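Just the one chain here, the form predicted alone, laid out as structure tokens.
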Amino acid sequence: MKSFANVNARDVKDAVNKLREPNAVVVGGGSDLLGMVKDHLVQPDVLVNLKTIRGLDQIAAKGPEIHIGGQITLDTLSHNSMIRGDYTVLAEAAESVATPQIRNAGTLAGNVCQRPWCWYYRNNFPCFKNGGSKCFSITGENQFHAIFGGGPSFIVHPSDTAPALVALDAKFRVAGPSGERTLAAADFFALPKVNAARENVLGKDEILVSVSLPKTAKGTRSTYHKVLDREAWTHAVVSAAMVLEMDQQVCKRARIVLGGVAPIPWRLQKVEAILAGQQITPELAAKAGEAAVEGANPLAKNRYKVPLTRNLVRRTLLEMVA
């Protein structure tokens, strides 16, 4: 493995300045970065350690919002009583990531910003993600690739927490050389047609600092369901993050976001419109499931994701109102 220097950031501004050094990258928990270094996907000269910045691993209520530091570990996030009580979907998403060892080290920002796990990319094929001009999955092994939003790359976004954050209408605080900016979670992620080499709008010298969540409305229920191809240390084949604002048996408002099926967290706005103002019955849940897969464009080996997605949406809705 190539040698590199490790530098500790004093604060966010110092971290951004240190990223200007040649071939510098940020590191929090380091679980994804270490794997990428071992696979020779990145060969940094400088690691900018964000764990030394005070306060970036905390959860705090500020006015009507909850602020979560990007360096909080997934394990801490999943066990926080405030998050588990009011933002259950995020706690469940965090606790579903990989293994206990990884959740104890991995951070929220790292999970949101991790790179794809497509085997062509991870094995150094000259694909779009590796600086090439081809997606090998189109005619190759595409069992776990996108059925929505693909082209020219067909990766799926690997994060479990990202769909939950989009469903919660979170905001992301990003810092860079020009200062700080705040953007909606949904606007943070970018389809391949925007930039086939990247999955989000972060610049090379920008950092995801923190996440803020709006106060949940009375009657809000939420959950995260994830389908795996094995029991542990794997990413979602299909997942669903659901946030329902209920008035007794009537759904006043819904936000539903899929994971594992698209290069970004995939929001189902048509399904949300179907549910709004309605009592969720088995018939309505089935209708929502059908609407969830409208426009799906599966590849040769991942057609099974269509019925899997349809049934996951239907089943999760019924479980939420049971």
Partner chain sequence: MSKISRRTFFEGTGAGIVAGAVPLRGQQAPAPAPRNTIQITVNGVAHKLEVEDRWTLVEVLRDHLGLTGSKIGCDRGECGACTVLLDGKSVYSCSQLAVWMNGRSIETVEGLSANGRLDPLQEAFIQHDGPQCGFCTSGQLMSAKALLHRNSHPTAEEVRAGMTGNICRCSNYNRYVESVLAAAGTLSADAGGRKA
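Residue numbers count along the first chain shown, from 1. Please read these numbers as outputs of a predicted model, since none were measured by experiment.
Unshown form predicted together with the partner chain; subsequent notes refer to it.
Asker: Within 4.5 Å, heavy atoms only, one stretch in 271-279, 63-71, 287-295, 29-37 touches the partner chain in the predicted complex. Which?
Answerer: Contact criterion met by 29-37 only.
Asker: Using a 4.5 Å cut on heavy atoms, which of 216, 195, 104, 123 is close to the partner chain in the predicted complex?
Answerer: The option sitting close enough to the partner is 104.
Asker: Of the residues 76, 142, 223, 212, which one places a heavy atom within 4.5 Å of the partner chain in the predicted complex?
Answerer: So the residue touching the partner chain in the predicted complex, by this definition, is 76.
Asker: Does residue 99 make contact with the partner chain in the predicted complex, using a 4.5 Å heavy atom cut-off?
Answerer: Yes - in the predicted complex, heavy atoms of residue 99 and the partner chain come within 4.5 Å of each other.
Asker: State yes or no: in the predicted complex, is some non-hydrogen atom of residue 51 no more than 4.5 angstroms from a non-hydrogen atom of the partner chain?
Answerer: So residue 51 counts as contacting the partner chain.
Asker: Taking any heavy atom pair closer than or equal to 4.5 Å as contact, tell me whether residue 5 reaches the partner chain in the predicted complex.
Answerer: Yes, contact at 4.5 Å.
Asker: Can any non-hydrogen atom of residue 59 be found within 4.5 angstroms of the partner chain in the predicted complex?
Answerer: No, residue 59 is distant from the partner.
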